[in-house]
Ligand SMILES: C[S@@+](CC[C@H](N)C(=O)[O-])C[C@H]1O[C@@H](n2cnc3c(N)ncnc32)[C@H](O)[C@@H]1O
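There is one chain below, alone, in structure tokens, taken in the form predicted on its own.
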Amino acid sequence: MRLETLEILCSPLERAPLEFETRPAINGDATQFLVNHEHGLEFPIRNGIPIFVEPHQITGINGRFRKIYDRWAPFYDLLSRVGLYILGVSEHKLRKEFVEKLEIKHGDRVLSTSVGTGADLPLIPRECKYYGLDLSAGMLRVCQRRIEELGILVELFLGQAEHLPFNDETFDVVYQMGGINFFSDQGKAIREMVRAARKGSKIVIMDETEKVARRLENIPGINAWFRHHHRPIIPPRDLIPAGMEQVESCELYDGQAWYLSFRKPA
């Protein structure tokens, strides 16, 4: 882990600073930790990924979807392509247009709050500093393989978007590409995105609409995501904190995706 990464991390609940610590291995468990002795906190680093929440600590809708993502992680990219093909949407075109909307500049520090398998990474500008968080260890393992294949430097973290392990005003761009429809607390996740963003930063969120959920909920494999939701899928525009600037809300791809973006006041 880079020193500059350690400097932007904090415990997700207490917001306490963390130190890096190495210990002898016991029973093959982690040997590296992020710790705060004053608060009695320790977070293991497994396979190079800091673990800010263990599976048994992920409850509610997040807990259900964590299991789904873990189970389907090896096949997720294929399922995503199939789903978008059924909808008549080009995945490459969708991701390319989305990344362009992020307006990433040279040297920007960029956070994806649900990085998944890292499908956006081939399109992310190489000159930025990229950080990805996800609640699924299975998805992060796939993402790690993609990072190795691309030969790029990306820092990954296992955690929940509702409790980001980053200091205030850390990132120049923060985005959420899919998944937020089924978060346990969408409002908390959006407020966390705002907290972690620097003043003047752009925040972008996109996910599928109710129209898509209805079309895909009966397709084997793909329906694993949509048969579990029990609330209407609507863009969470009302959950954007007051005072945000340049708020944009629209539907894309013939009403198959909703898009929100706004800027934190400078």
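A residue's number is simply how far along the shown sequence it sits, counting from 1. Remember, it's a predicted structure, so these values are computed and weren't measured experimentally.
The same protein has a further form, the form predicted in complex with the named molecule, not shown here; the description that follows concerns it.
Segments offered: 148-156, 165-173, 131-139, 103-111. Contacting the named molecule in the predicted bound form at heavy atom distances within 4.5 Å is 131-139. For R95, a non-hydrogen atom is located within 4.5 Å of the named molecule in the predicted bound form, even though that partner is not displayed.
Contact between W72 and the named molecule in the predicted bound form is not found at the 4.5 Å heavy atom cutoff.
Contact check for N62: a non-hydrogen atom falls within 4.5 Å of the named molecule in the predicted bound form. Looking at G116, you'd find a heavy atom of it within 4.5 angstroms of the named molecule in the predicted bound form. The contact residue chosen from L87, V194, V99, M177 relative to the named molecule in the predicted bound form is M177, the criterion being a non-hydrogen atom within 4.5 angstroms. Residues are counted as partner-facing when one of their heavy atoms sits within 4.5 Å of the named molecule in the predicted bound form; in 196-212 not one qualifies.
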